[in-house]
Ligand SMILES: NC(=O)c1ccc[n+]([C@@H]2O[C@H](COP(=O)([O-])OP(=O)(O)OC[C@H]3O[C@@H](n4cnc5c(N)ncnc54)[C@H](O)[C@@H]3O)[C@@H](O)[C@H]2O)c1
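Form predicted alone, single chain, as structure tokens, below.
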Amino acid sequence: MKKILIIGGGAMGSAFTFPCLENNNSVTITEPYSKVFIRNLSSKNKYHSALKINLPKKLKFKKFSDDLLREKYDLIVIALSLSGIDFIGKQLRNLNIKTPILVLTKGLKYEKKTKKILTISELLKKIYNISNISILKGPCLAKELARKNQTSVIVASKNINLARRIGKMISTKYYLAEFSKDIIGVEVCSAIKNIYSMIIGAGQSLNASSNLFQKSVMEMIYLTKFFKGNHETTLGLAGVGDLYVSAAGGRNSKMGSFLGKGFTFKTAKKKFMPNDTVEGEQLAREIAPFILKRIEKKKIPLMVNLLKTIISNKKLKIKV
């Protein structure tokens, strides 16, 4: 039995407790700041308002604190939103935590001082001096995982043996893990697919969306190689696999459909998705300063078009 701490009580962090517990681990979950999720996790039935399901009875909830982080674990899982990465990075650095870290969070960060884009693993290592990092990405919808629908993910680490040990810790008959050393490629693909799923969602027919899907994959391959990842990764679970799931039924493609109908982002958000987080929009604003200045626009016309559409709040115009 391994001891696992999951930081982040949102949909994915909570859904991730199911395979971890089913694999006979001792699992504790904590939530640093969301009052809603703290209330969900600390309730008697542990009914999760986002997942619409009761979490396992064996799951332990503890209040977030330095003392909790200081306890001995075999694995610490970060399942916070992108905005929470700096917060937890500071906490782990200040406490000098050496436990293996598994990051579920998807996204990229633009560092204004260096004018570079960093993956989450690079940020934690370079800015917060945290080592022993692995990441987990792939086509995994939290609600489907919580209902134990078959899911395949990829665990990436420069230490492939560590990745396999983590895989053994979390894998079940319905939660299957593949492994990779291309941590950069996996992180880049899993982040930018949110932007491309918006673009694919903008297609107003299956024919148009299919065309946009193919062009999106080509741009993802270019960007993955640009950031020093392996282009083969784009064709795997973190790339095409995750893109398919997001484009088929995620919040990003939903927003894309409204953009494709002629709404500006702000109007669509206010009118149709006022309470939804659109990860593609957040990422677009984060990486736009770099992408629009440092990358040849002819190589990624779909990406450039969407970034300008969101930043300038203009109507989307895509030529299929």
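For every residue, the number given is its place in the sequence shown, counted from 1. It should be emphasised that the depicted structure is a prediction, and the values quoted were computed from it without experimental measurement.
What comes next is about the form predicted in complex with this ligand, which is not displayed.
This chain is drawn without this ligand; in the predicted complex, the residue among 77, 202, 188, 136 with a heavy atom within 4.5 Å of it is 136.
For the residues 92, 223, 104, 247, the 4.5 Å heavy atom test against this ligand in the predicted complex is passed only by 104. Contact check for residue 167: no non-hydrogen atom falls within 4.5 Å of this ligand in the predicted complex. Taking the partner from the other structure, this ligand in the predicted complex has no heavy atom within 4.5 Å of any heavy atom of residue 130. For the chain shown alone, residue 37 is a contact residue for this ligand in the predicted complex, at least one non-hydrogen atom being within 4.5 angstroms. Interface membership of residue 140, defined by any non-hydrogen atom within 4.5 Å of this ligand in the predicted complex, is confirmed.
Within 4.5 Å of this ligand in the predicted complex, a heavy atom is found for all three of 8, 11 and 31.
Stretch 78 to 86 is the answer when you ask which of 215 to 223, 78 to 86, 109 to 117, 156 to 164 has residues with heavy atoms within 4.5 Å of this ligand in the predicted complex.
Heavy atoms closer than or equal to 4.5 Å to this ligand in the predicted complex belong, across 293 to 317, to no residue whatsoever.
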